[in-house]
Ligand code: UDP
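Presented below, as structure tokens, is a lone chain in the form predicted alone.
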């Protein structure tokens, strides 16, 4: 019986970097920082394809594929899904999209993800869009939102903040050392935040 990595490998062969120039922007920010809202705006205004690593894993599980069952079992057992599995799902979604501009949301979650992504895809991100938001504001937003998500209680929220700081901030710092981080003050109202986001993406369009 093959591993989860093997079964995704069968479906995602070929390197995207061999084709037309692929642009990848990593989108990072704590829970409640407004990433999802702003990604939707960027897709609408700038023609990027929005890929969420978490959504792709959930979709794979829902599909009932052999690979999805393996992912589900790993999560149930409290194991971390290997970076390569998530990366192959991202690669497949990128190839299927027909686009060459991607927002990758909530990934890389840690340094190991980051190194594996660059190693497997041979793609280095254009930059990291980092939604920097005070914890008190993120907490307020998560407690106020009415999606009825069971993970939106105060203890779980604070655990998620802690994981984000410990795992994802080193990724931000790595790219900051390369001059590749665009930091956004995400504590402001969403319209103001998008004005800043828009100026960043308009500058890329002009550079092309």
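Positions refer to the first chain, counted from 1. In this text, all values refer to a predicted model and were calculated from it rather than measured experimentally.
Although not depicted, the form predicted together with this ligand is the subject of the following passage.
If you superimpose the site C-alphas and bring this ligand over from its pose in the model of the complex, none of its atoms is within 2.4 angstroms of a backbone or C-beta atom of this form, and that means open. Contact check at 4.5 Å (heavy atoms) against this ligand in the model of the complex: none of 40, 62 and 102 pass. Taking the partner from elsewhere, residue 106 is found to have a heavy atom lying within 4.5 Å of this ligand in the model of the complex.
Proximity of residue 50 to this ligand in the model of the complex: non-hydrogen atoms within 4.5 Å are absent; the residue sits far from the partner.
Although the partner is absent here, residue 86 is a contact residue: one of its heavy atoms lies within 4.5 angstroms of this ligand in the model of the complex.
Among residues of the shown chain, residue 75 is one whose heavy atoms approach this ligand to within 4.5 Å in the model of the complex. This chain lacks the partner; the member of 81, 93, 123, 115 within 4.5 angstroms of this ligand in the model of the complex by a non-hydrogen atom is 81.
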